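Below sits a lone chain in structure tokens, taken as the form predicted on its own.
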Amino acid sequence: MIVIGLLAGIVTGGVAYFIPWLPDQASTQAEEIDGVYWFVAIICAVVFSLVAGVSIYAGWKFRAPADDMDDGSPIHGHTGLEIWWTAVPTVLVVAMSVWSAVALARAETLPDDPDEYTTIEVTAAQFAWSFTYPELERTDGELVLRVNEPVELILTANDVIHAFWVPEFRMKQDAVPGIETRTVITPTKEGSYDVICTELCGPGHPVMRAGVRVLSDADYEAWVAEGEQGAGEGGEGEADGESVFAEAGCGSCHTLADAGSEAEIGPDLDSVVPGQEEQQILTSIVDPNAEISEGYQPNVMPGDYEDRLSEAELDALVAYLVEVAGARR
């Protein structure tokens, strides 16, 4: 029975390994982490099947007859068996710990040459992500990476604790107000993915997402050139209202058809913005509790946008909302 339980665990773990339970691997870190996961999962399957098999066998083999009302015979134990069931789990736990530590160290290692990797600053705020590319002097609401290039993400938060996670990359890290945390990613597969906040951070937590694009070398260089061209055309100090709307996370809470957002945490901007003066719109952004729309609660929208956004960005955002509202009157 022990052999049957052992074989059952091996078969169960082996079958599970070949079933695509997990998201696609899109980073070198995902390969390391998945290796640890399956190592632990197969050990657990084997141990569970073995214990379950022994328990079933013992319950059947040593069951008392229906008319036997006596207590069981006292036994001292089995020293050899006790040594085995102490030593084997100890070895397995140590093996899992060592493999996990090695995998984590490999996952967080960067090349010695700073020119071989990129650093991106990630800022979390209720309820949006923003990404600053220091080398490009650019901030965006989308994370854009070059395939096969290591990137160090420096994370912080403006308000409460958030957590950065892209399932296909596997690496997960908290973004904490007042301190900087870090994680490393080396994307290996071109495509589009989602950044998901995995720390309950308020009413907008379910929709706190951002796009991730992993580009080829040529496409990445084109994206960089496009940003430089846009900055040159826009002029110093100018801001694009639609970009500010996206980067500030407005679409995470508000519906606005022009921006393609359909969130329902805050008022529908397509309904409340038309007819308002620019000063009313600005006040609703920098002092959201000044006037609460019917059916909504105070203290949900952060009140620090005047600190987060520059005067030019606020003006651009207000102008964008006025323009969109004017188009819908």
Partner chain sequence: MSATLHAPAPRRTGIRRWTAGGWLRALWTTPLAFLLATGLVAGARAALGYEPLLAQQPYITTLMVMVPIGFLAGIGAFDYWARYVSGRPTIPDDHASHGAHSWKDYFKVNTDHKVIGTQYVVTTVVFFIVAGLLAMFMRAELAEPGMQYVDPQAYNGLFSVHASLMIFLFIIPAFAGLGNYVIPLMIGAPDMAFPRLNALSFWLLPIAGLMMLSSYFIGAFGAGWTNYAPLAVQQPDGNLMFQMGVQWAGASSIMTALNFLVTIITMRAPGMTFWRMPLLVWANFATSTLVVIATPFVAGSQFFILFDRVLHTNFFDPGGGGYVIAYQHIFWFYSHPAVYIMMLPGFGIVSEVISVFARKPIFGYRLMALSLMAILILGFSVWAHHMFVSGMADWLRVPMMVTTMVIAVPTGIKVFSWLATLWEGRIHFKTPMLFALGFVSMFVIGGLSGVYLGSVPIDIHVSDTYFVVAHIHYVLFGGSLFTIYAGFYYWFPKMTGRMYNETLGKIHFWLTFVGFNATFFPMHWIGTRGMPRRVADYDPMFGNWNMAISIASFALGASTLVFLYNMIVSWRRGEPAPSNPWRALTLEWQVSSPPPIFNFDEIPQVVGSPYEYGVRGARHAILNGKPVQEGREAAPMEETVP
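All figures in this text were calculated on a predicted structure; none of them were measured in a lab. Definition used throughout: the rigid core is the maximal C-alpha set that superposes within 1.5 Å between two forms. Residue numbers count along the first chain shown, from 1.
Absent from the display: the form predicted in complex with its partner chain. The rest refers to it.
- A heavy atom within 4.5 Å of its partner chain in the predicted complex is found for one listed residue only; from Arg138, Lys189, Arg146, His205, this is His205.
- A heavy atom within 4.5 Å of its partner chain in the predicted complex is found for exactly one of Glu142, Asp159, Asp240, Glu152: Asp159.
- Taken together, Ala58, Met96 and Thr181 are fully in contact with its partner chain in the predicted complex: each brings a heavy atom within 4.5 Å.
- Look at 243 to 251, 213 to 221, 96 to 104, 116 to 124: in the predicted complex, residues with non-hydrogen atoms within 4.5 angstroms of its partner chain sit in 96 to 104.
- Remark: Pro134 does not count among the residues lining its partner chain in the predicted complex, judged by a heavy atom distance of 4.5 Å or less.
- Residue contact with its partner chain in the predicted complex: Asp258 places no heavy atom within 4.5 Å of it.
- Although the partner is absent here, Ile196 is a contact residue: one of its heavy atoms lies within 4.5 angstroms of its partner chain in the predicted complex.
- Taking the partner from elsewhere, Pro167 is found to have a heavy atom lying within 4.5 Å of its partner chain in the predicted complex.
- Contacts with its partner chain in the predicted complex, taken as any heavy atom within 4.5 Å, map within 22 to 57 to Leu22, Pro23, Ile33, Val36, Tyr37, Val40, Ala41, Cys44, Val47, Phe48, Leu50, Val51, Val54, Ser55, Tyr57.
- Once you line up the core between this form and the one not shown, the Cα of Gly178 stays within less than 2 Å of where it was.
- Comparing the forms between this form and the one not shown on their rigid core, the Cα displacement of Gly59 reaches 2 Å or more.
- Once the rigid core is used as the reference frame, the Cα position of Asp115 differs between this form and the one not shown by less than 2 Å.
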